[in-house]
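Next comes just one chain, in structure tokens: the form predicted alone.
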């Protein structure tokens, strides 16, 4: 997979470059600010971008704004955002449009090499990957909403896993139940959220958007 990294910490950036190269990925560019990130993507679009949210010069949201520009200008490029903290507005903003090829991980997750590489692979192949802590905090933010409040505890757990980009088969493995049981919960979620089969859009995507963004 072809990757461009944007991380202002030289130590972390170099560490990620070595990790990705060791895992067989091609690091097209590794830069330290959002302007250089967008320029690198324009010069040679990769399969996926890994970008820190807070970057120079103000260390506020430069990386996030760069990531949003990349999603707008190069929709086929996956974007995996790294952040030190759960910044809900940024997570919701990333999900404001298409939800394919996007991820949001806390930097602490990067030290879990297997989880980081799995998230990178999912985002690079058009899937989604959200840190469980991000999902948990967004769930707390939305716990008062009426339609989500109708879900059972098990259905909310399944929706939580869906929001992390997991397939039904993977969710079944995590919950130690059959895939058909997961499919039953997913259909119940669609019904309770009022997502009919005639909407013309992916009900799975709509359910995740309702979960994360309402």
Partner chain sequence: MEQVRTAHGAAGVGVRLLGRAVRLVVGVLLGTVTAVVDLTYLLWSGLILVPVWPHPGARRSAIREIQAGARHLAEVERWRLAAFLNSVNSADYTGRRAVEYLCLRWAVGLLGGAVLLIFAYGAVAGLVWLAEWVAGQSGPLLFAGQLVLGLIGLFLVAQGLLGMAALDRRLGRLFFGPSDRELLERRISELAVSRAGIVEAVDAERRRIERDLHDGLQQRLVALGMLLGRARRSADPERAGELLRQAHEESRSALDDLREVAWRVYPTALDNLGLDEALARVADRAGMPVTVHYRLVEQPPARVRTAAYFVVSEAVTNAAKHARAGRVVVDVAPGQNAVVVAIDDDGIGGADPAGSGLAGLARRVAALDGTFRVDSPVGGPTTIVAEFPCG
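Since this is a predicted model, take the numbers as computed values, not measurements. Positions refer to the first chain, counted from 1.
There is also a form predicted in complex with its partner chain; it is not shown, and the following applies to it.
Contact check at 4.5 Å (heavy atoms) against its partner chain in the predicted bound form: none of 68, 76 and 100 pass. Its partner chain in the predicted bound form comes within 4.5 Å of a heavy atom belonging to residue 54.
Its partner chain in the predicted bound form comes within 4.5 Å of a heavy atom belonging to residue 59. Although the partner is absent here, residue 12 is a contact residue: one of its heavy atoms lies within 4.5 angstroms of its partner chain in the predicted bound form. In the predicted bound form, none of the heavy atoms of residue 125 sits within 4.5 Å of a heavy atom of its partner chain.
Counting a residue when any of its non-hydrogen atoms is within 4.5 Å of its partner chain in the predicted bound form, the hits in 1 to 25 run 7, 9, 11, 12, 15, 16, 18, 19, 22, 23.
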